[in-house]
Ligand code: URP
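What follows is one chain in C-alpha cells, specifically the form predicted on its own.
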Amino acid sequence: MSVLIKNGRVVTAIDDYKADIYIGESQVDVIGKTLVMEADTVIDATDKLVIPGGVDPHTHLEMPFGGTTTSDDFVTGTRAAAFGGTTTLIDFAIQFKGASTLAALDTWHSKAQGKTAIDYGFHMIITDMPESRLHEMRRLSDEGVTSYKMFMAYPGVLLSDDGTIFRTMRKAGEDGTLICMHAENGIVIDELVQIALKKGQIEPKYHAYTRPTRLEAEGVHRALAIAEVAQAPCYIVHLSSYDALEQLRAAQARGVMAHAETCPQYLLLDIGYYEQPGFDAAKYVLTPPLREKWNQDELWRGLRGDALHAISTDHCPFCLREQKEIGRDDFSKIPNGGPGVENRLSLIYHYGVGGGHISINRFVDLTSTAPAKIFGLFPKKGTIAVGSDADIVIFDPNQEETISYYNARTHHMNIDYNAYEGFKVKGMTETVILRGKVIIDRGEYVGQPGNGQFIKRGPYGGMYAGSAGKAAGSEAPAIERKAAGFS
C-alpha cells in the first residue's frame, strides 16, 4: 500500500524543510516539493511536523522483578509506544546467574514474537560472564543483539563485580559491541537501606534518601574508568544527577567512548514527589530515584551541549495497587520502576523545545536519531531519507492535551496511574507510519499485534553520534575503528 504525505514540515536531526514524501512499500522512495504521484493513501500534513519515528532504547516489558512482573507486556506496551510516536524500542532480555545468554534470548523472543505493534530489538542483561562463556557474546552479536546491560546495583540478583565488568567490556570492545551500565554503588546503598530500616524508616521516600547522587557519580566514574582501560565504549543508562554528569564529562574530555541517556522523569519530576500523602509516593519509586529539582537545569544543559546523547523512558511499569503494595511496610520491597513510553515525545517537545531548552532538530536527534546511531539501527531507523524505513510520525505541534490516567487520548499503558498526571502539553502524535503501514490514524489505533518485527542491529555506531566519538578523533583505539567497520 503506497502512501503520499503532502505539505508537511519535515524535521530531522539536521534538516527542517517543507516537502512531500512518497512511500511505495516499506521504505521512503521520493522526497520532493509538490509531488504529483498516485498513492493508495494520501495524508495532508499541512501545519504539521513530519518527523522520524521515535527510537526508545530503554524499556522493560513483561520483565520479572521483585516478586512480580511489569504490567505492560509486548502487546500493550508496544501499542502504547505507538500512540506516543515511538516506532522502535529496544527491550531487555535477562540472563540469570549461571544460565546461558543464548537461552535467555530464546525466552525473550518467545515473549515478543508476533505480538508487537512496532519494531523492536533486544539488549542482553548479563549477570555473570565467566571466561568459558565469553564466546556467547559473539553469538549474540551474530543474532543482532549488539549491546549488553550490566549492573553495579542489586547485590545478589543483578550486580556484577568489577572483574566481570572488565572481562565483558574487553570482549564487547573486541567485537564492536556496546556495554550499557546501570551505574550506582549498590553495595553501599544496601548498607544505607539497612540503616534506614533499623530506624523504622519504611516509607517510600526513603528509597530516594538511601540512594544519594554521590553513589551514582561513583558508579559512573568507576564504569567509565574500567571502560577506558578495557578500550571499549560504554553507555550509561538513566543518568539522573549533576554529580554523575560531571563524571561523564570528565571521561569524554579524556577521549573515552562514553555515552549516556537521561529520561523525562529526571528532567520534569523531582524529589518533592516523595512527599505525597499515604502510599502514593510509591508511584515514584524508581532507580535512580528522583533528584533535587536544581539537577534538571544541569541535565538540560548536558543534552544541549551533547554530553548526554539520548532521552529514553526506562518504561518499567508496576501498578500501584497489588504490585507496588508489596512494599507498603518496607520501601526496599517496592518494585522499582515507572511508566512513560507513551508520553516521551509530547513531554520533550513541550518542555524541551517549547521551554527553550533544546532546538527542534535536537529534539529529533535525542528521541530518534542518536539512539539509532549508537545502537546500530541507523540509517534504517532514526531519520527520514530515501531508502530508510518509512517509520514516520505526523506530529501536531498545536494540539493541546492534559496527560492523565483518566484521559483515553493520553493513556494506553497497562498501569493504574500516570507519572505525569495533570501535565499540560502542546504537541501530540497524530498519525504513525511503521515501514509504510499506517498504525495510528489521527489518534486511533488501526494496527494489530504482529505489525512489528524483530530488528537485527549492527555494531556500535557511537563514532558517528555525539561528542564522545568526536573527542577520540584519529587516535581512537583500534576497537572504535573496528566498530565503525574499518580494519
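So that there is no doubt, residue numbering starts at 1 and follows the sequence shown. Nothing here was measured: the structure is a model prediction, and the numbers come from that model.
Same protein, other form: the form predicted in complex with the ligand, not shown, and the subject of what follows.
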- Which of 442-450, 416-424, 34-42, 53-61 lies within 4.5 Å of the ligand in the predicted bound form, heavy atoms considered? The stretch 53-61
- Can you pick the one in Gly337, Pro204, Gly84, Gly340 that has a heavy atom within 4.5 Å of the ligand in the predicted bound form? Gly337
- Just one of Tyr242, Trp300, Tyr351, Tyr154 has a heavy atom within 4.5 Å of the ligand in the predicted bound form. Which one? Tyr154
- Message: Test of understanding: in the predicted bound form, would Thr287 fall inside 4.5 Å of the ligand by heavy atoms?
- Response: yes
- Message: Please tell me whether any heavy atom belonging to Asp314 falls inside 4.5 Å of a heavy atom of the ligand, as the geometry stands in the predicted bound form.
- Response: yes
- Item | Partner proximity in the predicted bound form: Arg344 to the ligand, non-hydrogen atom cutoff 4.5 Å | no
- Message: Considering non-hydrogen atoms and a 4.5 Å limit, does the ligand approach Lys149 in the predicted bound form?
- Response: yes
- Item | Triplet Lys48, Arg362 and Phe395 all within 4.5 Å of the ligand in the predicted bound form via a heavy atom | no
- Query: If we check the ligand in the predicted bound form, which of the residues in 162-184 reach within 4.5 angstroms of it by a non-hydrogen atom?
  - Reply: His182
